[in-house]
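Before any questions on binding or motion, here is one chain by itself as structure tokens, the form predicted alone.
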């Protein structure tokens, strides 16, 4: 097997079965600045921009920014921004080689490069996948500095599109920038409000973190070494608000399969509560039971039934997405894709930042309708059990969460003082919101399921709940 590295020079050696770009990059003319150069962007938006580039519109090359870690950026630079994506579905596997990544930077060490890119004449869009916890004044300050230069140089406005799992993400990003700006930034803020667009968007594709298995599979498929290969599913969805600095972009994106609409909220709430909410519940169950991947969890009948009931009985009644039943069925099928080695611990990362977006709205909706919220109560109980940082076989695991110290402190005594641990967790308004944190009914049901989890184990408790009828 060849040990040559995938790059522009070796691209011609690729098998004809691998879709690869025929266009040549123009690094100085990248039109999209992307903040948060992780696996998701490279297997999602970058592939949409690749479609536009393949069609001959050279305004969509990407300058990708790693926010803190140089490791991935260095690997991508060594490969001239090329990497392979394995797309696996019910009809088989195909490999694609997106060519949209033309330039890279690391925000912490190459800040001026990022600011220069924000103000560059060629830049038309800024996209972001920095995760929920990344919406900080540090991010806002970086954008402000670039926009300040862009304003001073008299450049056109930008479309600044948040693609993170936050409801109203465009509004939140714009508000964060305004809240961080100083009085000296007033001219830039006035220019931004007049010329820049902050569309809300929802993105959906399951993209696990890269694994040695994918790297080895890429080497076999490509005949070249690819240190940045990824695996994903055939399904993808990008729903974005019809709000662009250049209105003509709406038609271009629509032609590539992006859904441009005035009603993003319907899609983002369904994704957050159905896909992401179920993901969090399964990831926590998997971590505690010692299952490695989401496919291992959904492959168990009782967990699949739990997820289906969670979505159908407690989430769907409060959604405005009309085709929720089809979406639910597609999700269950997607979760079981054997090629998506989606680690439960990867999904459980930053749970304290994710759960507030994913579970409370459905619980509150059920309470307002005098309906059952038992499945979410069990999920909350499993979250508390997860904070013990060891699975049911006694194997330790790391909690990767910005609130790790306080969560483990709450969970440490749950075996000896379970009710106090539940009370302490549920009193956290940052997790549950004010109304749920004060709810005696929520406390009662989470306490009940937590007791079951501690004494019967996760699997027995999940099997039990799926045999009950709730109104």
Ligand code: CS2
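Numbering follows the first chain given and starts at 1. Worth saying up front: this structure is predicted, and the values here are computed from it rather than measured.
Keep in mind the form predicted in complex with D-mannonic acid (CS2) is missing from the figure; the text below concerns it.
Contact between residue 205 and D-mannonic acid (CS2) in the model of the complex is found at the 4.5 Å heavy atom cutoff. Put simply, residue 275 is close to D-mannonic acid (CS2) in the model of the complex: some heavy atom of it is within 4.5 Å.
Though the partner is left out of this view, residue 342 does reach within 4.5 Å of D-mannonic acid (CS2) in the model of the complex, counting heavy atoms only. Under a 4.5 angstroms non-hydrogen atom cutoff, D-mannonic acid (CS2) in the model of the complex has residue 165 among its neighbouring residues. Of the stretches 196 to 204, 136 to 144, 176 to 184, 111 to 119, only 196 to 204 has residues with a heavy atom within 4.5 Å of D-mannonic acid (CS2) in the model of the complex.
The contact residue chosen from 86, 354, 150, 124 relative to D-mannonic acid (CS2) in the model of the complex is 354, the criterion being a non-hydrogen atom within 4.5 angstroms.
Of the residues given (384, 347, 130, 264), 347 alone sits with a heavy atom within 4.5 Å of D-mannonic acid (CS2) in the model of the complex. Counting a residue when any of its non-hydrogen atoms is within 4.5 Å of D-mannonic acid (CS2) in the model of the complex, the one hit in 358 to 384 is 358.
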